[in-house]
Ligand code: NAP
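A single chain comes next, written as C-alpha cells; it is the form predicted alone.
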C-alpha cells in the first residue's frame, strides 16, 4: 500500500492552501480533489474580495491555487475518497478508482454544499443564481433580487444585499420568519426589503446568455402560480457539511460540522480540518484558505513531534497492505 506523509481531501481554497503549505514543508502531500474542483468558488464566476487577486474571475483563482500547490510539490489526483479507517495508523483511505493509500497525517477540506431548491433554471449559477450574497451582491447594484429562505442566513444575506440592490424580495414558504428576533426587526424596518409569504419557487426563468429574468412562484395556500420579474435569485435554505464519510469517526456538532480546536485539530490525533467543513459562520474563500494553511502547519509540526518520539508508522514505511 502506498504511504504518504500528508493526504488532503478536498480541492477548494482550504485544500489547495493546505497543499501549498505542506508542499513547501517538503512533505510531498497527496491531494484528492473529490467530485468538484474549487469548492464553493465553483458556484460563482466572479470574485472581487480575495486579497491580492485583482483578475476577478473565480475559475482563474481556482486554477492559480492549483498551479501554486503543484509547483511546491503537491500531487493532485482527480479521485474521490470513499472510505476512511482512522482506527489504525497510518490512516487508510480507499477511493472510487480502487486505490488504497495510507496517510501519516490527514487534512480534511471537504467543505459544505448549499441546499438546493432542485427546480428548473437553478443551473443558471453565475448568471443570476447565487448562494453567496457576500460573493455576488456587488454585481446587483440597482437591481431587483429575490432571496429564498426565512432563517438567519437568508435575512442576514438579504440585509447585506440591500446595500446594492434596489429591492430585495424575500420568498418564504411560511407566514413568519424563522430568523432571530433582532434580525427580523432590522429586516422589517428596512424599506428595501419586501416579503412574499406562503410561497415557494417553482422555476427560475432565464437563459445562459441574458441571465435570470424572473421566477415562477406558487402560493402554498391557494396554489396560485405567478411570475415575478427579478434580476437575481439568492438561495439560502441552509448548507450541508460534507462530513458523511467521517460520521462516527470524528466529533461533530449537531449540524454535522467537524469540531476543531484553535490548531485545526479534530478529535482524532493526526487528523486536521480546514474550511467550510467546520466553519459555518464565515464561509469565505479567504477564511477557508487561512484555515487550510493553519491545518497544514499543525500537521507538519505534529509529524515532526511524532517522528522525534519514534511514533509507530512514522519513521518507516509500513509494509502491510
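Bear in mind that the values here come from a model prediction, so they are computed numbers and not experimental data. Numbering follows the first chain given and starts at 1.
In what follows, reference is made to the form predicted together with the named molecule, a form of this protein that is not presented.
S.K.: Please state whether every one of the three residues 3, 33 and 89 places a non-hydrogen atom within 4.5 angstroms of the named molecule in the model of the complex.
M.R.: Per the other structure, none of 3, 33 and 89 touch the named molecule.
S.K.: Would you check, heavy atoms only and a 4.5 Å threshold, whether residue 167 touches the named molecule in the model of the complex?
M.R.: The answer is no: residue 167 has no heavy atom within 4.5 Å of the named molecule.
S.K.: Whether residue 104 contacts the named molecule in the model of the complex should be assessed with a 4.5 Å heavy atom distance threshold; does it?
M.R.: No, residue 104 stays farther than 4.5 Å from the named molecule in the model of the complex.
S.K.: Since only the chain is shown here, I'm wondering whether residue 236 would be in contact with the named molecule in the model of the complex (any heavy atom pair within 4.5 Å).
M.R.: The answer is yes: residue 236 has a heavy atom within 4.5 Å of the named molecule.
S.K.: Can you check whether residue 154 is within 4.5 Å of the named molecule in the model of the complex, heavy atom basis?
M.R.: Heavy-atom contact with the named molecule at 4.5 Å: present for residue 154.
S.K.: Just one of 97, 198, 190, 180 has a heavy atom within 4.5 Å of the named molecule in the model of the complex. Which one?
M.R.: Only one option qualifies, and that one is 180.
S.K.: Looking at 249, 144, 173, 127, which is the one with a non-hydrogen atom within 4.5 Å of the named molecule in the model of the complex?
M.R.: By the 4.5 Å criterion, the partner-contacting residue is 173.
S.K.: Among 276-284, 261-269, 51-59, 291-299, mark the stretch whose residues have heavy atoms within 4.5 Å of the named molecule in the model of the complex.
M.R.: Among the listed stretches, the partner-contacting one is 276-284.
S.K.: If the C-alpha spacing of residue 279 and residue 158 moves by 3 Å or more in the model of the complex, is that a move closer or farther apart?
M.R.: Compared with the shown chain, residue 279-residue 158 is farther in the model of the complex.
S.K.: Taking the shown form as reference, are the C-alpha positions of residue 62 and residue 153 brought closer or pushed farther apart in the model of the complex, with a change of 3 Å or more?
M.R.: Result: closer.
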